[in-house]
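The chain that follows stands alone, in the form predicted alone, written as structure tokens.
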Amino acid sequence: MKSPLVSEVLFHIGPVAIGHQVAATWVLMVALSLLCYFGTRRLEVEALGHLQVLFEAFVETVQSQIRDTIKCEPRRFLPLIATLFLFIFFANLSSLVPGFEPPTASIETDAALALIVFCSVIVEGLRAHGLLGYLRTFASPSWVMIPLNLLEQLTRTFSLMVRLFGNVMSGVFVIAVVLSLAGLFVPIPFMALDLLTSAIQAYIFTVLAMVFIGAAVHEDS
């Protein structure tokens, strides 16, 4: 079995090597874009379609979660949080497709997702407090805490990446081992479990992202 830290190169675009995980990410992004396009192009007020009902329930759930966690109006944070959840959930779920390696089983993809959260925390902190006010939060409750607060910003981003990578990679590894030893049908319970963990990991990642953003927005958090 190849190392999960090494991405297989599929083709090159000029000097840039495109790996399997990057191509899988592009396929997933196109699929999600098409799903959202066809699910929202004919929105109705009375005769709601099944897909519209599903989308509205999802949006309302995310909005409620944002209100409870960040303690702000959800409109500004909804695109980021909903996109993170949908991408991670379907990326994890893609491990059930034969021959398709989930992008979140790659450390590069998880690092990119964690970096998005890291940058979002800084941007929202600056928007909420201004430059000096945001920098002042690192000296809370005392200037002695500045190194620890700066280190915390980095370590919690790193933990986001490692947690998602470890859980998704371990699920893929277990299914691959059982499949190779026991045939096609025995791993079905493991695949059902993988379906559950896909949703849980997506939920944990997005909740932690909301907690970090909420802490940056509210100085007293």
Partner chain sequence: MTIDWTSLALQTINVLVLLWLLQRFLYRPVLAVLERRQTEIGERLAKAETARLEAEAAKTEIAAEHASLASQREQRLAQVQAEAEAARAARMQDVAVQSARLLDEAQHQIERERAEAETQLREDAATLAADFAARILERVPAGVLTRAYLEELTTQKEALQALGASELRVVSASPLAEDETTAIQARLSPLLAHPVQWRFEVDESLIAGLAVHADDSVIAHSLAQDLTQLKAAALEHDTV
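Predicted model, so just to flag it, every value in this text is computed and none were measured. Positions refer to the first chain, counted from 1.
There is another form of the same protein, the form predicted together with its partner chain; it is not shown, and what comes next is about it.
Exactly one of G133, P79, P98, P141 has a non-hydrogen atom within 4.5 Å of its partner chain in the predicted complex; which residue is it?
Result of the distance check: P79.
So, a 4.5 angstroms cut-off on heavy atom distances: do all three of E152, L195 and I204 pass it with respect to its partner chain in the predicted complex?
No, because E152, L195 and I204 lack any heavy atom that approaches its partner chain to within 4.5 Å in the predicted complex.
Please tell me whether any heavy atom belonging to T137 falls inside 4.5 Å of a heavy atom of its partner chain, as the geometry stands in the predicted complex.
No, no contact at 4.5 Å.
is_contact(F55, its partner chain) in the predicted complex, heavy atom dist at most 4.5 Å
Contact with its partner chain, yes.
Applying a 4.5 Å heavy atom distance criterion, does S170 contact its partner chain in the predicted complex?
Close contact is absent here: in the predicted complex, S170 is far from its partner chain, nothing within 4.5 Å, heavy atoms only.
So in the predicted complex, is its partner chain close enough to D68 to count as touching (4.5 Å, heavy atoms)?
Heavy-atom contact with its partner chain at 4.5 Å: absent for D68.
Is any part of 25-44 within 4.5 angstroms of its partner chain in the predicted complex by a non-hydrogen atom, and which residues would that be?
T25, W26, M29, L32, S33, C36, Y37, T40, L43, E44, in sequence order.
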